[in-house]
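Let's start with one chain on its own, the form predicted on its own, as structure tokens.
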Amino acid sequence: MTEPSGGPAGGAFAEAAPPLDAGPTEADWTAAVAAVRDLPADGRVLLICHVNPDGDALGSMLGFGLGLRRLGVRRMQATFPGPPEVPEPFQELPGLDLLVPATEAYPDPDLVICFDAASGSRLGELVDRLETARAALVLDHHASNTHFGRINLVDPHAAATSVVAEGLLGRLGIELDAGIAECLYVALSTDTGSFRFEATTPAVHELAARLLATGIRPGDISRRVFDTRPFGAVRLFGEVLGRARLEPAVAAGHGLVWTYATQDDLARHDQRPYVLEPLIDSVRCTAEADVSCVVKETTTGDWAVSMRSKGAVDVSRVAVALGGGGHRFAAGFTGSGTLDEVVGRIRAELDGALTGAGRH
């Protein structure tokens, strides 16, 4: 699940609170279709997803890119900020040939399309492409999205950004093939927790059925994405879970369980940071706590925080208050300071984050 972090985008795309709406209007869809259809014959398209990309970010971006390729778009790149490292579970996705390092991305594309980013700050050093591109389109499903594009397809009711991407592919008349479907299926299954989360509606299963009808193999995909990790990561998980702390009184008695991982932990087990992403699922199963949290050191004094709720607490309110964003049941932010200071800020916000009754 994508967990946006806050920070100003700057320039012509300074971020503001998004309007409350039910998702994209027909005018939004029409404008998005026109942005793609009106590309010149040699137009350059730049696809961008958020920093530290997860399955929905990469899957939506690459699946859409493969669709544009079928539409005849020839000059196209896909990228994300930071080191050009694709997490191991996603290294067999179709469309990886579209990826280029951020340093090689078109500086002034004709069309930039952003995937699964709730704010411009999630685009890192690539955020300036929103200003240099002739047209800027945002596809996302986070309720905290700041509507930072010129055209925004933001559906907070969608289970994943891939749902929005598939909707636009359909409106462009692009039929699903196995490559597109595999990318979108990875995106959909990761952001719904293998179809376990509350966002898993009948429409989600209907989309999954259409994707499976192309002939992709869900068992192979699930083993690769969910059930395979290095032994070093298994040892790392055991160590980090061993230091988990339960605080039953936090969040007005609904409870908080949390743990943390440091750069030294990763180095000791010779692991890359992305192996920590599934760790939140092992923490969130704690029966005595509604809220779960994993605090991951990114650099000295900086921490990426993943939060989950079982329903009593709206963790997106906590995340937004601390500079991030996300969903009611899954959110995140980036914090600075000592571990105790970051966790202390989370505790302080949690009592005001009860569903429907928060301070923020």
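Position 1 is the first residue in the sequence shown; the rest follow in order. Because the structure is a prediction, the values reported are computed rather than measured.
Only in words, not in the display: the form predicted in complex with a small molecule, which the text now covers.
Shown alone, this chain has one stretch from 63-71, 27-35, 41-49, 304-312 that lies within 4.5 Å of the small molecule in the model of the complex by heavy atoms: 304-312. Contact annotation: Val318 falls outside 4.5 Å of the small molecule in the model of the complex, judged by heavy atom distances. Although the partner is absent here, Ala330 sits close enough that one of its heavy atoms falls within 4.5 Å of the small molecule in the model of the complex.
None of the heavy atoms of Gly55 is located within 4.5 Å of the small molecule in the model of the complex.
In the model of the complex, the small molecule stays beyond 4.5 Å of every heavy atom belonging to Asp155.
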